[in-house]
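In structure tokens, the next block holds one chain alone, the form predicted on its own.
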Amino acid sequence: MTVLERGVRPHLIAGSARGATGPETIDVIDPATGETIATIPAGGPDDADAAVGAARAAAPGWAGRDPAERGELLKASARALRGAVNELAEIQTRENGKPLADSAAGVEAGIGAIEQYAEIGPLHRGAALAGSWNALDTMVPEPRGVAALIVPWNDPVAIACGQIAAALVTGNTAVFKPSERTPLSGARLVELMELPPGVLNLLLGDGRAGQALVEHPDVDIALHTGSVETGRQIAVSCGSVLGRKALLELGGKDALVIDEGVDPAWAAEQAASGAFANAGQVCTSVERIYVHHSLAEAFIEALVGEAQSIAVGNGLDPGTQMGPLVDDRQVEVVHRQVSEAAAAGARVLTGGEPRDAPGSFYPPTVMTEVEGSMAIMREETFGPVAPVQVVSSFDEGLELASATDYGLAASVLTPSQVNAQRACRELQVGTVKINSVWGGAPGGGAEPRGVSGSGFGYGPELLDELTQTKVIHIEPAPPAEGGATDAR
């Protein structure tokens, strides 16, 4: 069956379709229309057990392959995916509403991640140690075993590709559970990848399936990109099993600090891009803005203009610049924060009300007169809202930007090299961006801080996280008494 055909999608375990073992199912909804486009099994312990069992059975043979051979198989999978970019992009847009061009860019980025890990994975190496003259001492990286990959809905193909490739190229096998909101692109991704049976297994379902997966005794490492709440549950589950590792990239409340001397129109373009890209549903979206009083009026006026110029609609429409939120639950979260802030004295300058029509749409929203005590400035919003607080100095902006338990990323717009250096040193986040809310060199691996998670979720450093180091000491045995040394 194709991913958009009627009927319940099967899990894909050990290279074969596995039907639902229980009666419960989950509908997959197109957020632009409210239409049910597919149904998946809810998943549960029996399904997780089958998937982990398949991965465990395949692990010795996969780990025993030469790293270069694993890399070649991943390259072949990347070539197969390149022939299906448009198909994967359309499926993803039907699931999460992202504009089609953005979906295609995400798919391309994911394929690029597979190709990069296929190249650098075989180069991942240990170290020789300086021991005694007649001994050999080395540190050798080895796969951890079975990896559980819990992938979010906001950029599902790109994130899945990176995690899958890094896990597999280092010799691990994997069970991949996509979000129940975007399972179809994940299912098609697994179908297209050209890998031996059991090396990559697809487990469908919601949090119940995810919990059964990360709690399975034969899982050795769990990778999760998503909410703080789910990440905490995974951390507890992994922490209850000695030796099981968790890599977590969780929520953020990323700040944008705008210094004096910055062009307000340019700053508004940056802020709008950071706050409204993918309808604000990016882990590193701009969610708090602190602007210097000297340019606040001009900046806010320009930001409102940017927000009002964005074409909102179905992601399949070529003219759409911003699609819907992923579902009505997310609309409720966003609107609750906006409404509570407005009731407490914040001003909504544009947007601020869900669209009274089919689909999970929320308009680009700009707010002022917000305060740090409001949820809109404290809790992750994950929606197209730009709350702006005017500050008296760069010092105040930097101080307020740092007043959070989150530690994912932050951006600063400033003409001052001194202030840029201060921001890089003082902001306690995994990624600091100066004079651009997006961008960065390929291969950069960030480590989130605070409640935003722990461990490297991408970059070459992810290969270190997915392996464990064994120290080996070898020296020759002395010859047997009266015998010759074995020279074999």
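All values derive from a computational prediction rather than experimental measurement. The first residue of the shown sequence is 1; numbering continues from there.
From this point on, the text means the form predicted together with a small molecule, which you will not see here.
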item	value
Partner proximity in the predicted complex: S373 to the small molecule, non-hydrogen atom cutoff 4.5 Å	no
Exercise: H224 in contact with the small molecule in the predicted complex, heavy atom 4.5 Å	yes
Contact flag, C283 vs the small molecule in the predicted complex, heavy atom cut 4.5 Å	yes
Interface membership of Y458, the small molecule in the predicted complex, 4.5 Å heavy atom rule	yes
In the predicted complex, the one of P152, P143, G71, G106 near the small molecule [non-hydrogen atom within 4.5 angstroms]	P152
Heavy atom within 4.5 Å of the small molecule in the predicted complex - residue from E90, D328, D206, E396	D206
Stretch in contact, per heavy atom within 4.5 angstroms of the small molecule in the predicted complex, of 227 to 235, 353 to 361, 123 to 131, 336 to 344	227 to 235
